[in-house]
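Okay, so here's just one chain, in structure tokens, the form predicted alone.
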């Protein structure tokens, strides 16, 4: 793996584990197995590297979500696949955890991939729900953007509840609740 990719992947993991403030350049270099010169050859500094890592995490999150949301089945089936997919619940969401990091939200360059990813996710889920309403699989009436925001909030809130309880059960319960609410909008 190229040095630049090792630095980005190491930063992705450290941001997920420790947050922005807890991720030092030295920790990144140690995790990536590179020296200080290599890091500064590829990146202007920690903010530049963190921005690259956040963009990559965002791209990966979108790709995984898109695989579920573009999959086979009805709109309900596809949103359910997104909700039920395998997750490392107790570690939380790579992107969602950054939304809670004051250093990330204070820096427009670091916040941008977080904001853009959640905007994309809400929009993509809203598209799937609107498709389901147009196809007659889901009842019309509920605003797709509102339902999509609720789905994303359930997942992100589920992560928070699970981490607080040190148990996946609160996350799983939140997903079951969201699925029951979504099922109430089915036409069959």
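Positions refer to the first chain, counted from 1. Everything numeric in this text was worked out from a predicted model, so none of it was measured.
Below: the form predicted in complex with a further copy of the same chain, not depicted.
Contact with a further copy of the same chain in the predicted bound form holds for none of 6, 53 and 84, as no heavy atom of theirs lies within 4.5 Å. With the partner omitted from this view, the residue of 130, 69, 149, 34 that lies near a further copy of the same chain in the predicted bound form is 149 [heavy atom within 4.5 Å]. Proximity to a further copy of the same chain in the predicted bound form, defined as a heavy atom within 4.5 Å, holds among 115, 107, 77, 88 only for 115.
Mapping the unseen interface onto this chain, residue 156 counts among the residues with a heavy atom inside 4.5 Å of a further copy of the same chain in the predicted bound form. Interface membership of residue 139, defined by any non-hydrogen atom within 4.5 Å of a further copy of the same chain in the predicted bound form, is confirmed. a further copy of the same chain is not drawn, but in the predicted bound form it has no heavy atom within 4.5 Å of residue 42.
In the predicted bound form, residue 143 approaches a further copy of the same chain with a heavy atom inside 4.5 Å. Along 1 to 25, a non-hydrogen atom within 4.5 Å of a further copy of the same chain in the predicted bound form is carried by 17, 18, 21, 22, in order along the sequence.
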